[in-house]
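The chain below stands alone and is given as structure tokens, in the form predicted on its own.
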């Protein structure tokens, strides 16, 4: 069942008896809106999952599909109204932050990730030679694809402010999306993923940057390493959330 668009360009569809998917224009999904979606509770109580250009609402299995079907139109209306209200709040917040005389405006907090790149990463990490060489190969690959030097790839990466668009793949892994106007880096995934990427690897894949939270497979381009972790080993709680802003700091040697 397709949903009607709203004035905020919001549309979507039921993808199952328990899941409503709402498509959102990428330009609408600002850091403020992502943060509000991650921290606000839908009035009808479903779990909220963010995607690259969508948000999914998943109802508890204890609520029967028949009950949801009977109230589907009301749930659609409530969802679109709720999203419209969050969008209005995020736009208002963004406007306040842009006004120089608003001393009480909320200031953005930026997570700064300290990382080492290129030869510095190979020396500092003590990685096995195959992983260390992967950094050099991937930087050279990106340099060739972008018709620049490996040093320029690192410079563009360090000059970029990212937003946590959504989390997934592994616990503690965030898809970091460059803010509009960031330096361009073409970074297609490898056709054949590596069987094991070390924890703390800083990598680029498609439009995203990511930090691997643990050893595991991965097909992104590794450009550096960080000792910072974003998953609490005791509680399992992720230490960043959608809407957080992220920058990297480091020196290539």
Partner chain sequence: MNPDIFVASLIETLKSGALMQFVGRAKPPMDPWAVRILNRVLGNISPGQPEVPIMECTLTGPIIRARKPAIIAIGAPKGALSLPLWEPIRLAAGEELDLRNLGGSGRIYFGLVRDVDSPGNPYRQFGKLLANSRLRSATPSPSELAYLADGPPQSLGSEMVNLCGQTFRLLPASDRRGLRYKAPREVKGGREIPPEPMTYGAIQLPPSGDPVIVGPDGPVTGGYARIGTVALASLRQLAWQLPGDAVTFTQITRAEALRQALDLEEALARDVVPC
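Numbering follows the first chain given and starts at 1. For clarity, every value in this text was computed on a predicted model and none was experimentally measured.
From this point on, the text means the form predicted in complex with its partner chain, which you will not see here.
Chemist: With the distance limit set at 4.5 angstroms and only heavy atoms considered, check whether 199, 203 and 229 all reach its partner chain in the predicted bound form.
Modeler: Looking in the predicted bound form, the three residues 199, 203 and 229 all stay beyond 4.5 Å of its partner chain (heavy atoms).
Chemist: Going by a heavy atom distance of 4.5 Å, is residue 186 a contact of its partner chain in the predicted bound form?
Modeler: Residue 186 lies outside the contact set for its partner chain.
Chemist: Is residue 211 part of the interface with its partner chain in the predicted bound form - any heavy atom within 4.5 Å?
Modeler: No, residue 211 is distant from the partner.
Chemist: Would you check, heavy atoms only and a 4.5 Å threshold, whether residue 166 touches its partner chain in the predicted bound form?
Modeler: Yes, residue 166 lies within 4.5 Å of its partner chain in the predicted bound form.
Chemist: So in the predicted bound form, is its partner chain close enough to residue 18 to count as touching (4.5 Å, heavy atoms)?
Modeler: Judged by the heavy-atom cut-off of 4.5 Å, residue 18 is in contact with its partner chain in the predicted bound form.
Chemist: Answer with one of 61, 47, 27, 195: the residue that has a non-hydrogen atom within 4.5 Å of its partner chain in the predicted bound form.
Modeler: By the 4.5 Å heavy-atom cutoff, the listed residue in contact is 61.
Chemist: Just to confirm the contact call: exactly one of 68-76, 81-89, 146-154, 131-139 touches its partner chain in the predicted bound form at a 4.5 Å heavy atom cutoff, so which is it?
Modeler: It is the stretch 68-76.
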